[in-house]
Structures are given as C-alpha cells and as structure tokens.
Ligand SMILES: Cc1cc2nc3c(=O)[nH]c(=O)nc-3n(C[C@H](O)[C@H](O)[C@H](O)COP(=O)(O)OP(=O)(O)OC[C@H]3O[C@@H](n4cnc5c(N)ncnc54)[C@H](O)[C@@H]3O)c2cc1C
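Shown next as structure tokens: one chain only, the form predicted on its own.
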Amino acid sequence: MHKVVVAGGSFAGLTAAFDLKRRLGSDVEVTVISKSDQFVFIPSLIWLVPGWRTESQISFPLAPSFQKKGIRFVHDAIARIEPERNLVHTTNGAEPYDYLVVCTGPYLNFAAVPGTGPEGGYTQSVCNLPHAQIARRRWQEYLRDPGDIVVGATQGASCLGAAYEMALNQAYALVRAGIRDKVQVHFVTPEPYVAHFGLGGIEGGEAAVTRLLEKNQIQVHLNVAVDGITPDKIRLSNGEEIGYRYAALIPPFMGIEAVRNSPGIGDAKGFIPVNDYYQHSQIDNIYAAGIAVALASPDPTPVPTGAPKTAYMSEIMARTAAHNIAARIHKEKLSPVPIVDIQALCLLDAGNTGVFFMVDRLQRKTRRRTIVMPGPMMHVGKFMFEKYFMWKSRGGRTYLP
C-alpha cells in the first residue's frame, strides 16, 4: 500500500487528502498532519472581528471528517522534511511517506516591518483564527475609546483583497456602532493603483473598488511602504505620518519554518518550486499546493506586492497534485495545469455590499475573459459561499466546484 502524507489541513490540504483517498481508495494510506485540529474558513475572519460571526460558525474539527473517509489524522506541528529518507519530522515523532504533499500555508513575516503584528507589535491581523480573536478583543476595547483607523497591507503582502475587505468592513462596523462621523479611516497599500491586487488589476475593477472606498469615505494611500510603526503613529515611505487608535495590516508571507529548516525543499523565502504538475522541481515524490507554492508576481510593482494565492487557486493546485499522484500510482497520463492559467476568483465583501471578480488567467496580457460584478448580492453571495464551502469540506465533497 502506498503511503501519502499531506502536510496541512486548510483549503489545499483538505482537497488533496480527500481527492487522493477518493481516487485511490484501498491502494493508499493517506495521513494528514496539521498543527491545528480545526478547519477555519479564513475569508470569514473579517466578520469575526466586529462580532458578526463566532468561531463555531466558521470552523469544524478535522479528525471526524477525515475519519469518516478513512484518512488518518495527526494533530502535530511539522519540524522538518528529510527527503533522503522520505520522512516528515514532527514535534513528537516522524511520519514516513512514499509521496508528500506540502499544503502548509503561510508564515506571517511580521519581522519584515517592525511594529506590525498582534504579538510584539501594534497592529492587528485576520490571517489566522488566533490573531482574529485578538483583533476582536482590541476592537471591543477600541469602541470604548474610538479614534482614527489605519487598515491595509505592508510592502510585499500578497493577500491584498483581504486588506480591502478589512477596511470596508471596519468602516461599515463604525456605521453600525453609530460613530462613523467621528472616525477617519485610512487605507494603506503598496499597490500602484486601487484594485491592482498584485496581478496587474482587472478591467473595471479599479472603478468598482474606488466607488466603494469613496462611498465609505476611506482615505487611500497608494504606492507606499510602511517605514515604521509606533503605538500611535504609522510612518509611510512618502514621508506621511498617520495617527491611529486601531490598525490592522496584512504582512508579507513566507514559507513555514519547517520548510525553511529543510535544505533543498524551498526557495530563499521557504516557498516550494513546482512544475505544472505541482511536483517539486527537483524531488519527484514531493508535491505542493496553495500558499506553500513558489509563485512569481505576474505584475511587478514599484513598491513590492506579492502574487495572489486565493482559496480557489489552492483547491485547483491540490486537485492537480492529487490527480497526478494517483496517475503515477496507476501508471496513467499526468495532467499539467500551469499556475498562470488558473482562474482567479474573489468575492470582495464590503459589509452590506461587495464586488465579484473573475479573471481566466493571472497574467493580464494573456487574459481572454474578466468579470467584475458589484452590488449587495455579492455580500449575500459570500455569505452563501461560506455555508456551501463549510458543508462541502466537512463532508469531504471536494469533487464539487
């Protein structure tokens, strides 16, 4: 029996594990290793901060879902990968593998901009559940003594859609709290223009998002890096200083420490170089999907932005990796899916409205189709997608769109 280890239990990890077991059945033993025992629908963390969602509404335990499909679950942190011996070392042991799929998500590189982050810094984050819980507590404290807000992303950040969602949802939360007229909301971004998103923008996207920002009276600071942060001021690369009472900034991502501690596995930032089969470019029985994959920016900018990696992209990568591992085991034809050819889908929420974006290719010069649809139904659509995705993932129905 072939042994496949999936490192990570979020969007890419779930998809890879369930797809592998469904394709290979009794021919494979699938083991998932995750430092978290919960799946968290990370796009909804923006709603956790103002109290519009609870943890139980946007998460579920991983072990029961995997157990029902005959997948072994190991609740442990990965320490390093030893490809010479086909071993994944964890905090408490080691797991052998014939094939490894790395779906470990990001390391939040707050050290790139000193003063960022909820632990040792002055800014909040919605990149994971523990940080969103801290951000909620700080928000509750903030409402007792409000002042100006700074929201956005630092140089090198890649999750730029979430930065816009944070700003727009915080502005809407101020309206609901009855204090919007007392607060200036600032949006800080390394992008050269609104809705660049690290991929060269989307036709019609800049106008749609600009309207939302203007409607919510959000002051935008474009094409800037964050040079320094104190407990009450943020200094930008253009010389501006912004005072604040509450700040939330998306940091740049790196690969997790375990990959960076494993020579030959990742690049300088700890991301894994892959070919069009999501197979490691040098080690043929290691695959990767999601944020763990090395991806060059499709549109370099004066102030660096990271390449976008959405949940949808993570699913496609994981499905492709699972398909090709199964194909190798069954000696069938492999199926390439170049990263630049993956569609990028985004439902950008603005509290009570939103915008849907779709591009058929990451690289702007090769795109054939784009969709930009603003309106209140996009907020409803994101809410419904959350419910659908949680149902799909809890039941292992990763074959569904």
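One-based numbering along the sequence shown. Remember, it's a predicted structure, so these values are computed and weren't measured experimentally.
As for the form predicted together with the ligand, it is not shown, yet the points below apply to it.
Handout entry: Heavy atom distance at most 4.5 Å to the ligand in the predicted complex, all of Gln124, Ile229 and Pro252
Key = Negative, none of the three is within 4.5 Å.
Handout entry: Contact test in the predicted complex: Ala17 vs the ligand, heavy atoms, 4.5 Å
Key = So Ala17 does not count as contacting the ligand.
Handout entry: Contact of Ile316 with the ligand in the predicted complex (heavy atom, 4.5 Å)
Key = No.
Practice task
Classify Pro106 as contacting or not contacting the ligand in the predicted complex by the rule of any non-hydrogen atom within 4.5 angstroms, answering yes or no.
Solution key: Yes, Pro106 is a contact residue.
Exercise for the section: Classify Ile71 as contacting or not contacting the ligand in the predicted complex by the rule of any non-hydrogen atom within 4.5 angstroms, answering yes or no. Expected result: Ile71: no, not in contact with the ligand in the predicted complex.
Handout entry: Per-stretch contact check against the ligand in the predicted complex, the hit in 335-343, 50-58, 26-34, 369-377 (non-hydrogen atom, 4.5 angstroms)
Key = Heavy-atom contact with the partner occurs in 26-34.
Handout entry: Any residue of 146-175 that, in the predicted complex, places a heavy atom within 4.5 Å of the ligand
Key = Heavy-atom contacts within 4.5 Å come from Cys159, Ala162, Glu165.
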